[in-house]
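Next up: just one chain, as structure tokens, the form predicted on its own.
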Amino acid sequence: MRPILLSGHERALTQVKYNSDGDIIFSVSKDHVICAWFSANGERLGTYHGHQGALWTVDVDSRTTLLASGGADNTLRLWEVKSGKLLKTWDFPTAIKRVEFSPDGTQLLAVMEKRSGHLGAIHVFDVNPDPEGEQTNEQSLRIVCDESKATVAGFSYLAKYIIAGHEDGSVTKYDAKSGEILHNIQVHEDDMQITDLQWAPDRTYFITSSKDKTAKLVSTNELEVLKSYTTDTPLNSAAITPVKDYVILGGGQAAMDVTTTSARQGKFEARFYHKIFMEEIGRVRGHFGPLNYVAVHPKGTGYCSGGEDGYVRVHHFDKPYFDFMYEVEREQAQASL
């Protein structure tokens, strides 16, 4: 697998996202700029300028019409993908750490940082899918996280629930209409921050990554931990691959702890685990700093990672990746022929 290196950012990457077709990758970093790239060859499609601070998060709706971004300038912004036009800016008292569109693209969620006397909260806005249309100023829902601040959140299937991961390692399920807490469960070790939450394609389960060096597969309805993947490094991101039963984990020692260590000791690798058997099956090296985010192509043909080193690395999977099978899987495949 020869990676394509995308070097359009001047500072550490914070998030990378494929659109629903998988032909475009959007990336954000601490350098105020959103970049769009063609995933096939890594050519830069364009940039979106307007933010005044480090960017933490980006998402694109299911039709690749609207783009949302949030950052340290305390704004949530909505853009038209095609023209790069800024459609709407919502101002907040603190930074926006995570944004996500609902599956149908009619709602947008933003996780607000807890800081300087402001409680962390999850805000939901109704979005007009027409870029020419008027966007509302008013939020349709505000969930205050007074127990432990939310670090990541997203919409479940049909936007029925909002699932949030917290700083204390717990996961909460909220009713997406009323904001009522339906369920809260300690998924990771106490006070070990959940750093990422990514959905399975049908959103009936999701994967979380944490500073406790584990990733967990959790069911949406019961918040039951289905599988657990243990590594030897704090994790920043975890993704589920379609087509093959794998998960990809990314992380590494924080930059300040690695001043004197080499990339090898920092463990800056994308780790592949078998989703069912929970065994590590491979690693991909390349980054010179921790992997801050890992995203998988929606059709399962590749993945990309954004690193502390300022690079996005795009990988297209080779044939051996798809051919690899455990004996059990081979037997099942033959039995079904």
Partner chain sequence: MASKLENNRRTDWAEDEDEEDPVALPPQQIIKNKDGTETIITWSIRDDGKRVKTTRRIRKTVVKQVVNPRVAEHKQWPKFGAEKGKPIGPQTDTTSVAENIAFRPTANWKAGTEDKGEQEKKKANLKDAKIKCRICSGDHWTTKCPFKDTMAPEGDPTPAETIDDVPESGSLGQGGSSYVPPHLRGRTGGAPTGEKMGGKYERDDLATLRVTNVSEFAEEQDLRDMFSRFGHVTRVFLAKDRDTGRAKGFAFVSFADRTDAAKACEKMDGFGYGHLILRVEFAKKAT
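Computed from a predicted model, the values in this text were never measured in an experiment. Positions refer to the first chain, counted from 1.
Another form, the form predicted in complex with the partner chain, is not on view; read the next lines as being about it.
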Next item on the list: Please state whether every one of the three residues 6, 43 and 48 places a non-hydrogen atom within 4.5 angstroms of the partner chain in the predicted complex.
Entry: yes
Next on the checklist: Contact with the partner chain in the predicted complex for residue 15, defined as at least one heavy atom pair within 4.5 Å: yes or no?
Outcome noted: no
Should residue 1 be classed as touching the partner chain in the predicted complex when contacts are defined as heavy atoms within 4.5 Å?
-> yes
- Message: If we define contact as a non-hydrogen atom of the residue within 4.5 angstroms of the partner, is residue 272 a contact of the partner chain in the predicted complex?
- Response: yes
Exercise: residue 10 in contact with the partner chain in the predicted complex, heavy atom 4.5 Å: no
Exactly one listed stretch (112-120, 234-242, 166-174, 83-91) reaches within 4.5 angstroms of the partner chain in the predicted complex by non-hydrogen atoms, and it is 83-91
Of the residues spanning 301-337, the ones with some heavy atom within 4.5 Å of the partner chain in the predicted complex are 313, 318, 320, 321, 324, 326
